[in-house]
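Take a look at this one chain, the form predicted alone, written out in structure tokens.
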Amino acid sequence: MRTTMYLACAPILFASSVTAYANAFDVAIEIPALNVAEYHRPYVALWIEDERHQVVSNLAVWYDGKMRNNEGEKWLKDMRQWWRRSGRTLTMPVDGVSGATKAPGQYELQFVAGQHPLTNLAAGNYRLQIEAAREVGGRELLSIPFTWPASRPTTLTVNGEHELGRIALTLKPE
């Protein structure tokens, strides 16, 4: 009985230890609380671009997907850079990428090499792009250059001025 229980658990322990050491990165996003008369949660898009400004992977798109008749999709084009480079060719919602808008606060996204949406991220130089647009508000685009895969643990940050707060990209090597 004890031997059977040990063998049944062994694959689970092995699988989790492999995942813990894969190349990965985390993105911490701050959506600031704004003191404005009419507040709407921002639409936010995160994607990776290569050195030629080509979209390599869409990481996240936060928008209001619950509006009647997909009305929330028409505001996606307000994230102009994302829309021009990738958004207009997508059929929303995108499984594993799109989600609901977020209230002011801190959010963390985690991505692992070889898993969606980093399935085919080759070694090279890239930029993490983060764009936010808010109804009756502004628009902001931030960029963090990085090299993949990481050779050592690294955290890169950028600070937004109005629609986004601090953005941190933490690279985790093998």
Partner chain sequence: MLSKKMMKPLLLGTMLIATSVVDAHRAWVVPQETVLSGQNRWVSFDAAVSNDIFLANYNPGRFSALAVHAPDGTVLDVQNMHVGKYRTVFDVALEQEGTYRIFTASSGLRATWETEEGERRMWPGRGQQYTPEGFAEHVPEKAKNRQVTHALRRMETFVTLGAPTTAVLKPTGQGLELNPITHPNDLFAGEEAQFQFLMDGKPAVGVEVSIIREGTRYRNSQEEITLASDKKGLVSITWNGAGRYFLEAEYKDHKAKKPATVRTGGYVAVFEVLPD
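Numbering follows the first chain given and starts at 1. Nothing here was measured: the structure is a model prediction, and the numbers come from that model.
If you look for the form predicted in complex with the partner chain, you will not find it shown, but the lines that follow are about it.
J.: When the contact criterion is heavy atoms within 4.5 Å, does Ser98 count as touching the partner chain in the model of the complex?
T.: Residue-level check for Ser98: no, no contact with the partner chain.
J.: Please tell me whether any heavy atom belonging to Arg85 falls inside 4.5 Å of a heavy atom of the partner chain, as the geometry stands in the model of the complex.
T.: Yes, Arg85 sits close enough to the partner chain in the model of the complex that at least one of its heavy atoms falls within 4.5 Å.
J.: Residue-level question: is Arg139 within 4.5 Å of the partner chain in the model of the complex, judged on heavy atoms?
T.: Yes - in the model of the complex, heavy atoms of Arg139 and the partner chain come within 4.5 Å of each other.
J.: With the cut-off set at 4.5 Å between non-hydrogen atoms, does Lys102 touch the partner chain in the model of the complex?
T.: Judged by the heavy-atom cut-off of 4.5 Å, Lys102 is well away from the partner chain in the model of the complex.
J.: Looking at the partner chain in the model of the complex, is some heavy atom of each of Arg41, Asp64 and Lys66 within 4.5 Å of it?
T.: None of them does, since no heavy atom lies within 4.5 Å of the partner.
J.: So which of Asn70, Ser143, Gln54, Asn125 reaches within 4.5 angstroms of the partner chain in the model of the complex, heavy atom to heavy atom?
T.: By the 4.5 Å criterion, the partner-contacting residue is Asn70.
J.: For the stretch 76-115, return the residues whose heavy atoms include at least one within 4.5 Å of the partner chain in the model of the complex, in the order they occur.
T.: Heavy-atom contacts to the partner chain in the model of the complex: Leu76, Lys77, Arg80, Gln81, Trp83, Arg84, Arg85, Arg88, Thr89.
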